[in-house]
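We give structure tokens for two forms of one protein chain below, kept apart as structure 1 and structure 2.
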Structure 1
Amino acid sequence: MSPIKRNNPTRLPAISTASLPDIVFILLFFFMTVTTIKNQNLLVENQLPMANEVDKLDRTDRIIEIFVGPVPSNSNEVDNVPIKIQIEDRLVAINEVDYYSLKALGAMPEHLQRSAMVSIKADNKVKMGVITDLKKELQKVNLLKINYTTVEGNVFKNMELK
């Protein structure tokens, strides 16, 4: 007689699914660590161009984000300016950029203001005219450190994406 005695040899034991939640939790924690929750509502399209010689933009506490891009077609904005600029949660006109960027700078702790940096997140479809105007506005308020935020990728594919 064998030492292991099954009480019901015809039925297979149920497969334990107890480790399944663990696996899913690992996945969940992975996502929680690598992603950030959107803190801003994007009001413009934002398909960033690609670049490969990039620097990392760490220390998000000293970054002012400026989004530039066309307004999505389902938006109820009635305006004939095709490209919009978004600072914090509002769309601003080009001559208001200085005011709102200074406001964003003022919201920063004082010791970080000197190393503040502007991250320009401009869409692929944007033309240089808007970017030049934007840079002039930033120059006016002495926000000189800028970063053209991109995604990592092959630059030669930039023109095919449009």
Structure 2
Amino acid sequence: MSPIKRNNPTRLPAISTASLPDIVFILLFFFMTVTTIKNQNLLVENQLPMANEVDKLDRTDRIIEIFVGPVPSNSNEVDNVPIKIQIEDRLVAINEVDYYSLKALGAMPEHLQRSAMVSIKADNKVKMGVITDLKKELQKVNLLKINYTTVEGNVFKNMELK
């Protein structure tokens, strides 16, 4: 007569991994929905002025972005020019704007080049003379559609920020 074997009470059942793929896909979808892709690294300070009436541009695929602003104090730039212009991750001088804007225009698909628009994102501290010089350089290469990017808010707060 054999002795009766009892189940070992200390042994645990195996952990089911059936729900592990569901958890992985939930995490994957979460990160895909909350992650944004950064288009450009800002090389200039860019605190946009406020405006009362703003409209959002419908199509952003035909926009050439130009950032204008002072260089941050932690930058390696040792130039004496206080206001810099950034086009496509590059700081350019005012006389180089026409070349780099045409280069950005050439990078667009051909069917979008006719309706291309320049979006000037100027910092609050930028004087209007710099913007006027920038517009003259853009006129040389026939980029006449210009948009000024702002944030929605009270216009009178622009005076307080300066």
Partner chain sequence: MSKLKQAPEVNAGSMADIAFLLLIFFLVTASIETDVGLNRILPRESTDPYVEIKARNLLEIGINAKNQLMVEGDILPLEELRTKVVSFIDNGGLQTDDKDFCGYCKGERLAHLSEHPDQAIISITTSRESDYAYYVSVQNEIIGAYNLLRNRESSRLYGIAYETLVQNYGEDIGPTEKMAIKGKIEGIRTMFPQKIIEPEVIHQ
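Fair warning: this is a prediction, and the values are worked out from it, not measured in the lab. Only the largest set of C-alpha atoms that superpose within 1.5 Å between the two forms is called the rigid core. Here, a residue number simply tells you its place in the sequence of structure 1, counted from 1.
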Answer check: the form predicted together with its partner chain matches structure 1
Kindly check if the Cα atom of Asn142 is displaced 2 angstroms or more between structures 1 and 2 relative to the superposed rigid core. no
Distance moved by the Thr17 C-alpha between structures 1 and 2 (core-aligned, Å): 18.8
